[in-house]
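Taking the form predicted alone, here's one chain by itself in structure tokens.
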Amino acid sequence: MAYQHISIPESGEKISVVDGRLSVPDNPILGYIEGDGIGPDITRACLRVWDAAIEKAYDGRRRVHWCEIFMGEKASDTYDGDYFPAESLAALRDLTVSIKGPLTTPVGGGFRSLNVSLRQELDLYACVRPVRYYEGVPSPLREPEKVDVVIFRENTEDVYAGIEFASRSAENRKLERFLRDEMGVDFFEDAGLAIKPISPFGTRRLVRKAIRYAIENQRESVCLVHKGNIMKYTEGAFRNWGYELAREEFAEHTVSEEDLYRRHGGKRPPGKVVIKDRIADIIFQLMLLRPSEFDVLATMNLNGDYLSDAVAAEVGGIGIAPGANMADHVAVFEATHGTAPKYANLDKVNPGSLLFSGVMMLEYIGWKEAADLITHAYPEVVKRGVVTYDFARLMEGASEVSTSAFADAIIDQINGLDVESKRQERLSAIERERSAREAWHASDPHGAMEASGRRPHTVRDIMTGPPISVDPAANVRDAMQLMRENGISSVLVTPGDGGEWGIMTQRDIVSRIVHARRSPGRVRVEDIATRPLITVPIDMSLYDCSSTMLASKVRRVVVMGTDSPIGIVSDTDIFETVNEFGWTTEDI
């Protein structure tokens, strides 16, 4: 494609996608947008650091060819007032991987923000925000080193979809009448109205990306963050679809938290990623109290917005928090803070957010050696007290330096760094933390579950499974032996001529064998089994499950998967859950 103002470097090669994966040459062309306000200052500094790390890591064998792309105020000057040029969007797609500084939104520009428009136009559905502590950085926590999470925030749905109608507007009145007259919904007069779409498609692609990241980076868990106990058909559906995707697409690589404790005694099987979920308000508490229990978080848009900034504050603030907006392959890495116009062109601010977004970018293209150099050099400089003004005012004896001088210090540290020893030191610390945590989980599973915020809400959380089944032609004596060997009180009976599953319980033995004076060795299971099964879906709430049991006059129900039983829930299971975790109106 021919561009009007963008010059693609002739000496480099574009990144391509081959068989669904990035194909990165040794001389890739990467795009960059300087940004507005402080953007030029931090971009110039970071470009020097990234280039120095690449040179040190690969000794000239690899090199990035940078291509400037225009957006924001610089684009307005170049494209006759256009802050969001079409050719800039085309270049971001064409180059696949780019990075940008902060952008301002023009007043009356016709869209809510350049950042939102960029995400929508390129369908950058995942906002990815790694948050970890770097030694020496001022933090309000006692043990900030325990914070090391990667937040995957869905970027396109939820209330951020922008489907809202102003109070008393004609559109609002039309929707108001429909909701009141057709749907029987009641709410206060003149309320502003908004629609919160959460779809299987949007959920699944976000959770898929989060799980793939966890697998490829040897992370321990993926936690689905939601408020599904209240918003069952949006946030609750996000949770359910996330679990469903993990079962369907990553069964060999994942284990549910329920199975972790039920089948594995709290000890994570080697190489498996634990899939779990937490209520949104609880995760905010836990990221303060027990942050090491969480590794990768997958959230909807609004929860993710709150959470990513709140967790960043725990480890030094948004000024050093990196981020990226990603599609399946196209990715735009970015500074996560604003333009700070009062500091523009003063060579003053901390470049950390953009710097570490560049580290993410290097990791994304597979250049981890260069990324590690920056990751390990940064805290060494900060520990010496060489920092920009924002950290200097929080540290005793610090030497305040400019943005460019801070970049110089990082480059000097990179050139003299024994990165392998630092890498091994960090890996050893991670392994010690994991081993201690897993030992605690195994020694006190119930205590570990409660402390880590796990609270059962659906039959999925408490079911026993997979159930053991027997052939309808088997004799009752053999089925009883199977029940005794497995310590269970019932077995399922596979479909017979009628095509329906059945169940045989200890109560059936008492009432239909012992009380009827029959010999278990001479009676077929088919003759005393109960059909049809009373079944419930996997995402049914415990409240609704108890209602089903009472209405059907049974003590247990069978949890159905797509086409066969996958678990059993008994009244004893519900009793033990309530006894252990309590019961509130929010559980209904």
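Only a predicted model underlies this, so the values are computations on that prediction, with no experimental measurement involved. Quick note: we count residues from 1 along the sequence shown, nothing fancier.
Unshown form predicted in complex with a small molecule; subsequent notes refer to it.
Among heavy atoms of residue 336, some come within 4.5 Å of the small molecule in the model of the complex. Shown alone here, residue 38 lies within 4.5 Å of the small molecule in the model of the complex, counting heavy atoms only. Although the partner is absent here, residue 393 lies within 4.5 Å of the small molecule in the model of the complex, judged by heavy atoms. Interface residue remark: residue 389 is counted as part of the site for the small molecule in the model of the complex, having a heavy atom within 4.5 Å. Though the small molecule is absent from this view, in the model of the complex it lies within 4.5 Å of a heavy atom of just one residue from 115, 76, 256, 404, which is 115. Note on contacts: among 452, 308, 350, 299, the single residue with a heavy atom within 4.5 Å of the small molecule in the model of the complex is 350. Contact check for 155, 209 and 225: none of the three has a heavy atom within 4.5 Å of the small molecule in the model of the complex. Residue heavy atoms within 4.5 Å of the small molecule in the model of the complex occur in exactly one stretch of 476 to 484, 339 to 347, 177 to 185, 284 to 292, and that stretch is 339 to 347.
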